[in-house]
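Presented as structure tokens, the chain that follows is alone, the form predicted alone.
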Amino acid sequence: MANSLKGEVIRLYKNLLYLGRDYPQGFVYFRGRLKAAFMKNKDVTDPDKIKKLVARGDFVIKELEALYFLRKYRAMKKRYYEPEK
């Protein structure tokens, strides 16, 4: 694996690990799944395949951010607006 790709993979892992702190099923569950996903692909050496996997990881980051934003929005809506009858 090229050094630039190795750096991207480590950056992706650290970002996902950071985002996993607020995961609804808990950090321990998220960390285990994250490690399993990365270990499953640890033997990939093709740079194109690695770039595709990193792109997929970036997509997962966006999905997690959307999940957290929606959770915050729902909490604020519940707090400040009366439920519709």
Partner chain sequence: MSGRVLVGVKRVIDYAVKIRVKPDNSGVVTDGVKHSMNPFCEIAVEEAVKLKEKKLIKEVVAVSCGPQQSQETIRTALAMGADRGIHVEVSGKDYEALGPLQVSKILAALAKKEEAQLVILGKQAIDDDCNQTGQMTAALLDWPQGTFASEVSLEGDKVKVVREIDGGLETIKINTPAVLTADLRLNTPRYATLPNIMKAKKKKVVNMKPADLGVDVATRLEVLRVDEPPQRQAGVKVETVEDLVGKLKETGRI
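The structure presented is a predicted model; accordingly, all values stated were derived computationally and were not measured. Residue numbers count along the first chain shown, from 1.
Another form exists, predicted together with the partner chain; not displayed. Remarks below refer to it.
Asker: Give a yes/no on whether Arg79 approaches the partner chain to within 4.5 Å in the model of the complex, heavy atoms considered.
Answerer: Result yes; Arg79 sits at the interface with the partner chain in the model of the complex.
Asker: Contact between Glu63 and the partner chain in the model of the complex at 4.5 Å, heavy atoms?
Answerer: Heavy-atom contact with the partner chain at 4.5 Å: absent for Glu63.
Asker: Hey, with the partner chain in the model of the complex, do Asn15, Phe69 and Tyr73 all fall inside the 4.5 Å heavy atom range?
Answerer: The answer is yes: all three residues contact the partner (heavy atom, 4.5 Å cut-off).
Asker: Within 20-56, which residues come within 4.5 Å of the partner chain in the model of the complex, counting heavy atoms only?
Answerer: Sequence-ordered list: Arg21, Asp22.
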